[in-house]
Every structure is written in C-alpha cells, then in structure tokens.
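Heads up, the chain below is alone and in the form predicted on its own; it's given as structure tokens.
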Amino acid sequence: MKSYSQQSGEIGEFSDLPFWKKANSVDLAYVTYGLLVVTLVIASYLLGAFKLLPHDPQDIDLELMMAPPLTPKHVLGTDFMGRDMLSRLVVGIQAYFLPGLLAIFIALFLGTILGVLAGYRGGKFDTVITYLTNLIDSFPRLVLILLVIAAFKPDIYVIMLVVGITNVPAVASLVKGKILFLKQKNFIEADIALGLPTGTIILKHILWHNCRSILIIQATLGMAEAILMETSLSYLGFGVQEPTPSWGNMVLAGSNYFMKGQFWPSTAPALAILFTILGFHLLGDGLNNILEGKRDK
C-alpha cells in the first residue's frame, strides 16, 4: 500500500511497509551479518575492559607453548609464550575500538561542517573548502601516516586522528552533493521562504532528515578502515607494540611458526581481521542499498 505526503513544499511518495520488508534479501543478509559483527566487537570490548576473560592475556605458561586449538582450557590454543589466544584476541579489540571511534568522529564532524558550508553557503566558502579538501586528498594516506610516525612517534590515538582528517574530504563531498541536490528541488528555498531558522534548516531538515543515512554508512566504512589501518601498522611494527595484544602484531608474531605447521597463532587473528572488516563493509553496503535505494529488485 502506498500513500502520499507533503514535506517541505514537495509531494513525496512513500510506502507504509517498514524498510526491512522493502529491502532486497541480499541487503538484509549484509546488514544482519554486519550487525552481528558490530555486536560481537562491542561485547568483546566490554569483556576485555572489565577483564571478564577466561585467562589473563599476559599470563605466560612455558609448559603450554604453541598448544593447538581445543586444548583443555584453551579453545584457540596458545601462542609462542604460552599465552591464551582467545583472551588476547578479545583484548586486541581495544587496540582499534576507541581510536577508531575517534577517527570516525573527526571525519564526520569536520566533514559535515565543511560540507554544509560548501553546499549551503557556497561562493567563497565552496572555493576555499574545495581547495582544502583537494589538498588533503592529494597526499597518499599511508605515506602521510608513516611520515607522522617517523617525525613524532605518536601513539595510536594521534595516528587515528590523522586517519580521521584524511577521511574528511570524502564526507564533505557527500554532504555537499546532497545539499546541492536538495537545492535543485527547491527544498532549501522553500524552508527559507517559510521563515524557518537557519539552524533548524541545517540540523533538522538537511542533516537529520536527508544526510543521516550517508553519515551512518560513512561511519561503518570508517571503522573498517580504522581496523585495517591499525592492524597494518601494528603488523609493520609502527602501531601497538608487544606485549600489548593487537590483531596486527599477533599475526606478525605467529607468522614465524606458520611454515612449521603451527598456523593458529597467525591464522586466528588474521581471520578475525578479515571477518570483522568484511562485516563493517557489508553493513555499509547493505545500508547504502536499503536507505539510498541503490539496488534494483
């Protein structure tokens, strides 16, 4: 059943069905898997933060070095120092979770402000912001991060701050494009003609009603990139250092034993990286198709 409503001077057609009933089954599968990954990440972070773990991730047991998976009391086995793999995987989430949220916040906050100024105000604002975002985009991201690490030797939060800043142009471009699209439909002009305050137009009618899906999707993709960046840097030795567990340095430490047939110390964190990043990407892709109507049925 379809009905019609008038919103902000335009007549729009919408369906009474909730979005999950209108969505493609493939997109629902993407979103379901992605939400499952998000739930597991948050639950694991809380377990690690409150130390509700089967073993101390720093506890060394030389008698159980390189114990295989399904060893009694060690579901995923142990590493080369006899430390429990499952506990270290859970605690390893802390290496990217809060830093990743920082990167997402910086990208969305600054990107939204610049996008609104460029799209809503236009003129000189658009020129300056376009120049600034193009300048940021011109730097190779990984090279820029490595230069920051070499110059300042910062911790992971500063690195993720740089990651967030390099993601600002993408968010700003999307917000700007959405506002320009709305201007073509006389959306903003109608709100101004009705005498609505500028703050209400921007915060409610533009960002909340029309840009929230874009920002949610960018947040999921941003977390996936933060995980990839943190684990890559830790693998290369520039991120989180031993003995603090990170999925990246766990892969590095276990890689020395892979060719000896003892694959679990590197395979377990590698699979955790793969399925977690895949979950955030599929969540973003599914939400994009559902909320933006990108997939043909």
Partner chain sequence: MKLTAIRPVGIVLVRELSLTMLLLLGVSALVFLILYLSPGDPFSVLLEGQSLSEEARSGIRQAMGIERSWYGQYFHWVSGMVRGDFGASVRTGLPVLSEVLRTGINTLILTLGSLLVTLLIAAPIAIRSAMRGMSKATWSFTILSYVISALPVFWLGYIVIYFFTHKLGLFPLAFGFATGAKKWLYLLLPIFVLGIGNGTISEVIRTLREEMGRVMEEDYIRTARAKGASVWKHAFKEGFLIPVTEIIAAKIPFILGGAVIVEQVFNWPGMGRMAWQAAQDRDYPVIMGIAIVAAVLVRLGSLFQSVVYVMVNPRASKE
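In this text, rigid core is short for the largest set of C-alphas that superpose within 1.5 Å between two forms. Positions refer to the first chain, counted from 1. Here the structure is a predicted model, which is why all the values come from computation and not from measurement.
Here the subject shifts to the form predicted in complex with its partner chain, a form of this protein not shown in this document.
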{"item": "Output flag, Lys51, Phe97 and Leu108 jointly within 4.5 Å of its partner chain in the model of the complex, heavy atom basis", "value": "no"}
{"item": "Per-stretch contact check against its partner chain in the model of the complex, the hit in 227 to 235, 53 to 61, 39 to 47, 66 to 74 (non-hydrogen atom, 4.5 angstroms)", "value": "227 to 235"}
{"item": "4.5 Å heavy atom contact, Phe152 to its partner chain in the model of the complex", "value": "yes"}
{"item": "Touches its partner chain in the model of the complex: Val26 (any heavy atom, 4.5 Å)", "value": "yes"}
{"item": "Non-hydrogen atom contact Ala270 with its partner chain in the model of the complex at 4.5 angstroms", "value": "yes"}
{"item": "Pro243, heavy atom within 4.5 angstroms of its partner chain in the model of the complex", "value": "no"}
{"item": "Heavy atom within 4.5 Å of its partner chain in the model of the complex - qualifying residues of 117 to 140", "value": "Tyr131, Asn134, Leu135, Asp137, Ser138, Phe139, Pro140"}
{"item": "C-alpha of Ser44 off by 2 Å or more between this form and the one not shown on rigid core", "value": "no"}
{"item": "Gly261 C-alpha relocation of at least 2 Å between this form and the one not shown, rigid core basis", "value": "yes"}
